[in-house]
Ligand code: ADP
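A single chain, nothing else alongside it, follows as structure tokens in the form predicted on its own.
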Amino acid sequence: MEQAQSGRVPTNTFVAWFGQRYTIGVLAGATLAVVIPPTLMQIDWSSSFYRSLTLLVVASPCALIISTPAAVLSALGRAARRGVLFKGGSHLITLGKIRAIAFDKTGTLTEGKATVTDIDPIDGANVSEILSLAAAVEAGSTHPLAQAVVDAAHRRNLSLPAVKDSTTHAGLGVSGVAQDGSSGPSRRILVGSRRLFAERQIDVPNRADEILKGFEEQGKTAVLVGTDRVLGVIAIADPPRRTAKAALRDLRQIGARSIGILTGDNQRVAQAMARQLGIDDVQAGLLPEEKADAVAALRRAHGTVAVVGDGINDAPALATASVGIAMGGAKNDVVLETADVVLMSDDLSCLPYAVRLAKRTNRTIVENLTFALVVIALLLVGTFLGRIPLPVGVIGHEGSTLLVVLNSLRLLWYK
């Protein structure tokens, strides 16, 4: 379906089309070499038949057909040894043509090992109550920020209320119904962004908004915790990956025209991360479907676009991209299933290597095809002129195939 949408002809269809017409042409040429009257070519029938056999041998497109699969398979094997899993050769070839790369922030550009740094109550709310309610609702989530809240509650040995009807609101936060004790009243708990509270028509007081802005300017992710009113703000810090800045620099050096951040986090937090990593293009506060729209816009502007992410919120963007790349630490099956490439080592430094390998593979394919076509053309011309005997034609045909395979195998040792 992806191929139909992009308008590209499937590789196997092209090979079948080319093979049919090439075979017809070769057979026609061999027939012509036999049936041309000896008086026109000044050769006898036995020589004409011998020349047709030579033509069939030298025109066999073995080297031409093996040029692409030999290179792709060698590159896939080399990438796997470096912890990069491609789900098909077409994705490897496409990765070598990328012009723009967009990254999710949390868990992709950051370590994904977030920690709670601040808890600010509003209107006299209890700090322990804020943290225990937030942790109870977040307990079922695999998001790094949710895990940070749960870990903070466990470190304080807080008892968490039972929560039912826990719901993840993609790009906004989570909610659930908590009950105080076995017979106490139940209440809906919200943990998330301003937009989540606005959708539930819960007013965010000015004090809470000021606290949010203060944390966000420090580069921290801040979430609101509340019921029918805002109880407090929790600030969470997630440092950038050690390899992120160097990886982004390498990507620019190998031809990425645009590198950006697509995140559901706040604009201030995203900008703070962008300043640390030297990224100019930042789109923040995006819902999953808005990320997909942003990727579609990048494809219209740049052509071939890669997206790197690790969360379920990134799945629509990964599916929209020319190449979707998932971090190996992604704990969601939807993300791993949607992605075209998986960085199994969960190391961003593998990404520039994968792009370089993909570019080198594309160059190798062009080298192989050019060499195979030139050899076939020379052998064909020599055969028609009567300069190529059958043994030489066999050596030329088999030798060119062997050289193409050996050139492709060099990718197994690519560094």
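Residue positions are given as counts along the sequence shown, with the first one as 1. All figures in this text were calculated on a predicted structure; none of them were measured in a lab.
Omitted here: the form predicted together with the named molecule. The next part is about that form.
K.L.:
Consider residue 193 of the chain shown here, and say whether it contacts the named molecule in the model of the complex, taking contact as heavy atoms within 4.5 Å.
P.N.:
Yes, residue 193 lies within 4.5 Å of the named molecule in the model of the complex.
K.L.:
Report whether the minimum heavy atom distance between residue 341 and the named molecule in the model of the complex is within 4.5 Å.
P.N.:
Although the named molecule is absent here, residue 341 would stay clear of it in the model of the complex, with no heavy atoms inside 4.5 Å.
K.L.:
Does residue 232 make contact with the named molecule in the model of the complex, using a 4.5 Å heavy atom cut-off?
P.N.:
So residue 232 does not count as contacting the named molecule.
K.L.:
Could you tell me if residue 305 has a non-hydrogen atom within 4.5 Å of the named molecule in the model of the complex?
P.N.:
Because no heavy atom of residue 305 falls inside 4.5 Å of the named molecule in the model of the complex, the answer is no.
K.L.:
Based on heavy atom distances of 4.5 Å or less, which listed stretch (316 to 324, 119 to 127, 85 to 93, 103 to 111) is in contact with the named molecule in the model of the complex?
P.N.:
This holds for exactly one stretch, 103 to 111.
K.L.:
Can you work out whether the named molecule is within 4.5 angstroms of a heavy atom in all three of 143, 223 and 291 in the model of the complex?
P.N.:
Checking in the model of the complex: 143, 223 and 291 are all within 4.5 Å of the named molecule.
K.L.:
Under a 4.5 angstroms heavy atom criterion, identify the one residue in 208, 178, 172, 335 near the named molecule in the model of the complex.
P.N.:
The residue in contact is 172.
K.L.:
Mind listing which residues of 234 to 252 have a heavy atom within 4.5 Å of the named molecule in the model of the complex?
P.N.:
Residues within 4.5 Å: none in this stretch.
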